[in-house]
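The chain below stands alone and is given as structure tokens, in the form predicted alone.
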């Protein structure tokens, strides 16, 4: 099933993201995460694609195939410009097709200094177009409610996003954000620009102060005063911060669904217990 077919059915799509285990961990360790996620039956699960060489990217393919064929949940495999040249893309597309994986998230990706970036595709839009030309894949792309870090202004950011959609992206997943007003303003701008594909709101629960500060520095998301107060109050109390962070994410999702968003994409950080707690709390409101 192409992921764009999930939308427009009278309910909010709910999906999750996982990442391959670290090099020091066996790929089988992903089973614990997937065993937990299968109970909440997300509409699909995406698998990240690192700039860590061919083995990491092969692991992405293996996990996507596992999700699709053993867990019988649609999988979306990430694919990045910086980690894959044309030969890599051709090979991976062929293998994904053999595995029954129909959906790909095409990204530019972040450069890992330890691995020289590939240069066949400079921008995600080029990769989107190439994938659409190579076979019958559902192709998704990323969007940035607060603008990409390298974008000079919001207008340029929306223009580049439209280029990805015009190249063939059928579905968009947003970068994480913590202020729903940022997302709603972004949604208004993209619809005015004629971008009409389904857009999922990317939500990352705040589980530790250090991890969220690291993510914010990497993606440029801002911290609203409400969340800043939570971090100040509970930052030195891990269990309290975990509960407050989960509550904040649930509140975000509830408000987004009330505002009519088409989908929620949960960045699970491979923590199925947190994903299950959040999914259970929003199960009824997703169906309204």
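Computed from a prediction, not measured in an experiment: that's the story for all the values here. Numbering follows the first chain given and starts at 1.
The discussion below concerns the form predicted in complex with ligand FAD, not included here.
Triplet 5, 94 and 97 all within 4.5 Å of ligand FAD in the predicted complex via a heavy atom: No: no residue has a heavy atom within 4.5 Å of the partner.
Heavy atom of residue 108 within 4.5 Å of ligand FAD in the predicted complex: Answer yes; at least one heavy atom of residue 108 falls within 4.5 Å of ligand FAD in the predicted complex.
Exercise: residue 118 in contact with ligand FAD in the predicted complex, heavy atom 4.5 Å: So residue 118 does not count as contacting ligand FAD.
Residue contact check: residue 164 to ligand FAD in the predicted complex, 4.5 Å heavy atom: Output for residue 164 is yes: heavy atoms within 4.5 Å of ligand FAD.
Exercise: residue 148 in contact with ligand FAD in the predicted complex, heavy atom 4.5 Å: Within the cut-off, so yes.
Proximity to ligand FAD in the predicted complex, single hit among 101, 204, 124, 139 (heavy atom within 4.5 Å): If I apply the 4.5 Å criterion carefully, the residue I get is 124.
Partner-contacting position among 75, 84, 169, 143 - heavy atom within 4.5 Å of ligand FAD in the predicted complex: Filtering the options by heavy-atom distance leaves 143.
Which of 84 to 92, 154 to 162, 204 to 212, 190 to 198 sits within 4.5 Å of ligand FAD in the predicted complex, heavy atom basis: Result for this chain: 154 to 162.
Stretch 238 to 265 - residues with a heavy atom within 4.5 Å of ligand FAD in the predicted complex: Contacting residues: none.
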